[in-house]
Every structure is written in C-alpha cells, then in structure tokens.
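Given next, in structure tokens, is a single chain: the form predicted on its own.
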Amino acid sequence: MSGKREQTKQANKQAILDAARDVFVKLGYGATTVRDIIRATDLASGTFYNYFKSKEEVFQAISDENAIRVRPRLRAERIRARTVEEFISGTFRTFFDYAADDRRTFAVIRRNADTMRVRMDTPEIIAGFDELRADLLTAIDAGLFPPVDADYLMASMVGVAFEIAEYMLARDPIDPSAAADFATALFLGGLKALPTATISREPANA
C-alpha cells in the first residue's frame, strides 16, 4: 500500500507540473494563478496544496526539474573536452539540443521577463552555474583556456546560451547545430582579445 501511495503522490505532483507548463505557456507566468493551474488538472484544490504552496513553488520545481535533466549532459561534454573549441562547442550544442527537444519547458522559463529572477534563483539552476564556473577553472588550470576571468566568462556563456536559444526556437526550421556553430565562433574569436586576469577560486557574490 505504501508503494501505491507513493506512486499516487508522484503522479499527482507530475500532473500539477505538466498542467502548469501548459498554463504558463498559454497565459504567461505573471497572469497565471493557482486556480488556473488547478483547473488544468483533474485534481481537487486541496490536493494542489499538499504539494505546493504557490505558483512560485511550482515554477521553481519546473525549473529545477529541467536543470536536473540537462546538467549531467552539459558536464559530461565539458569533462571530455580536450580543446577549448570542444569545451565551448560541446556546451552550446548540448544546451541548444535540449532547448529544441523540450521547447515547451524552455518556453515556460523564457516566456516573460518577470520570471527571470525566479529562474536564476532556483537551487538547481544556481548549481548548474557553479558547475560551469568550476569546469572553466579546471580548463584554465589544464591550459585549455587562457587565464581569463572565470566569473565573467561563465556569465557570458549563460547569457548567450539563453538568448540565442530563444531566437533559434523562433526560426523555421530550428537548427541547434547552426546556433552552436555561431556561438562557438563568437566565443573563440572573443577569447583572443580578452585580457588575462588574476584567477579567483572564490565564487563571485550574486
């Protein structure tokens, strides 16, 4: 019985998350209410509050669930890189492939500007940024990258990834390879002009 109860709990939670994705895409994060999400499920309102206190918690769960899926793939690409081009292109290609494969969730994250702070503050998203920074420091130590500012480089890679992905998904056909090639060329050319920096091992304060 405990196993069946746990399956029911997981199914209910997933039903809420799936419904919320659809509603966030349709209405936008700002206009969506908890009532809208509940109406998109077959669950009672009390069931919703067994799992989440607010739409903000639902949004965070969607963002974290998404990050958990893509982070291992991103890290694996960076770890296997033997050149700076492989590091950069593998990171961008993996991220753009994810965005193309899961357009609905990406649209939830990027739909409204007022969701940006929520997205950036989720624990799993923050952990993903920290992993990228750590991998950049490791690559600098290994000589793949010149000794540049890892914080700025991490922030610029994240920003370019999200912005190019959004424009990529608005095109027809969607071409993750072309997006990755563009972003990689942009960064490879830019790295040559960057000044060297004193490398700090402490994460920058957000």
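So that there is no doubt, residue numbering starts at 1 and follows the sequence shown. Keep in mind that this is a model prediction, so the values were computed, not measured.
Omitted here: the form predicted in complex with the DNA. The next part is about that form.
Within 4.5 Å of the DNA in the predicted complex, a heavy atom is found for none of Thr83, Glu86 and Thr94.
Just one listed stretch, out of 147 to 155, 41 to 49, 133 to 141, 165 to 173, contacts the DNA in the predicted complex at the 4.5 Å heavy atom level, and that stretch is 41 to 49. Val34 is the sole member of Val58, Val34, Ala180, Val70 with a non-hydrogen atom lying within 4.5 angstroms of the DNA in the predicted complex. Put simply, Lys26 is far from the DNA in the predicted complex: not one heavy atom of it is within 4.5 Å.
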